[in-house]
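Below you'll find only one chain, the form predicted alone, shown as structure tokens.
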């Protein structure tokens, strides 16, 4: 995030089918009329936000979901055009769109690129078709390869792939194969997430057997080692990139920069306040269509909570927390608030600091949740 620029998140709430682990808000995509109304409402909501917060300068746009690639390229073009009318979009803004394999082809990708999308995030997850079926993914590995090759042919030069670890029945050799095949697609960026079972998802309710803690540690080490060998550096706990290709939009989240969210269930963070839209497309549409922004959640963040958030999010970054920036936001550097905890965690090899920054060791990054508990 540069200067006073903000990020813009646009939630596309449509999916052909729901993955067994996914807790993001989405609905069935069959109804074309609802998709049209949603695009219209997204455009209107951005203008309403501009009226509320002023014509903000935007340095990154992230079109997520759901499955944004279920929208027609002309609809994505309309959404990006509406953002340009409502806000001052940097000439070199990073504009990301998520896409699922099997929902795109060379022609549609060429049209998305012409519409203004300059970064593509493709949900690969695993290279084994049986594992993909087990977790409810609608594609096979070959579709991921097709999508990657078509994206290159369409002109994309900034492609990220999502890979998951700790999946039901997944072995270390399975993950190694997934990494090898994905690296062969020459990604500029990879996000490698460990499966988290959310209670209100099908997999969360079923509680399938998952790899144990030792297996997860081995998987984490494998990911870091293989991606480093491939020239992708770890800039955040779950994210790796070639030099110059770290995701600017997500870095804004970890630096606690301001962002606005549009669409059902979208969250925003602006001037130390968090607010969220209704987690219901019907409720959200009804409100926007009658010209009303009526957030379901709206709260100012107390100073102690804001300090903790800055540490919790900033320590996800390999570079850690900038001590001067922290002091500027919170009145004093981190050591003034957590001297005992920081000293203890340094003694056990989880954390280090100097006058400029505070950062986690490789072991500390594996134990980020435990680190945060000690900071509470």
Partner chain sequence: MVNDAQSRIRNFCIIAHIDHGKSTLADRLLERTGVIPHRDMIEQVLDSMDLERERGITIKSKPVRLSYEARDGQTYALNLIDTPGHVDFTYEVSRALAACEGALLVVDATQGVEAQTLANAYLALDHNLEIIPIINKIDLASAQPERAKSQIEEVIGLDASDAPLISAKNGVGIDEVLEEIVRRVPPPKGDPAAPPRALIFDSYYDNYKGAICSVRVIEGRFAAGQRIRMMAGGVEFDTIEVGAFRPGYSPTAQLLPGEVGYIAASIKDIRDTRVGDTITDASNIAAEPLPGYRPALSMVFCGIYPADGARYADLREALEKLRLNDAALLFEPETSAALGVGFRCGFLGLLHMEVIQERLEREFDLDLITTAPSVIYEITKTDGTELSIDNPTNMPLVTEIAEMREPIVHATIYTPQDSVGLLMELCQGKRGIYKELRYEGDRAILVYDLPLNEILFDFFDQVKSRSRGYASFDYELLGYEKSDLVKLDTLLNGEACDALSIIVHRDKAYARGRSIAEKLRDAIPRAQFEIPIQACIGGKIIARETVKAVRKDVLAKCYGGDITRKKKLLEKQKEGKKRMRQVGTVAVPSEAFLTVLKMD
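In this text the structure is predicted, and so the values were computed from the model without any measurement. Residue numbers count along the first chain shown, from 1.
Same protein, other form: the form predicted together with the partner chain, not shown, and the subject of what follows.
Screening 181 to 189, 202 to 210, 133 to 141, 233 to 241 for residues having heavy atoms within 4.5 Å of the partner chain in the predicted complex returns a single hit, 233 to 241. This chain appears without its partner; in the predicted complex, the one residue of 115, 159, 127, 216 with a heavy atom within 4.5 Å of the partner chain is 216. Note on contacts: among 225, 274, 106, 85, the single residue with a heavy atom within 4.5 Å of the partner chain in the predicted complex is 274.
The shortest heavy atom separation between residue 194 and the partner chain in the predicted complex is within 4.5 Å. For residue 47, no non-hydrogen atom is located within 4.5 Å of the partner chain in the predicted complex, even though that partner is not displayed.
Although the partner is absent here, residue 309 lies within 4.5 Å of the partner chain in the predicted complex, judged by heavy atoms. Residue 313 belongs to the set of residues with a heavy atom inside 4.5 Å of the partner chain in the predicted complex. Three-residue candidate spot 259, 368 and 374; every residue lies within 4.5 angstroms of the partner chain in the predicted complex by at least one non-hydrogen atom.
Taking the partner chain as positioned in the predicted complex, the residues of 17 to 43 that bring a heavy atom within 4.5 Å of it are, in sequence order, 23, 24.
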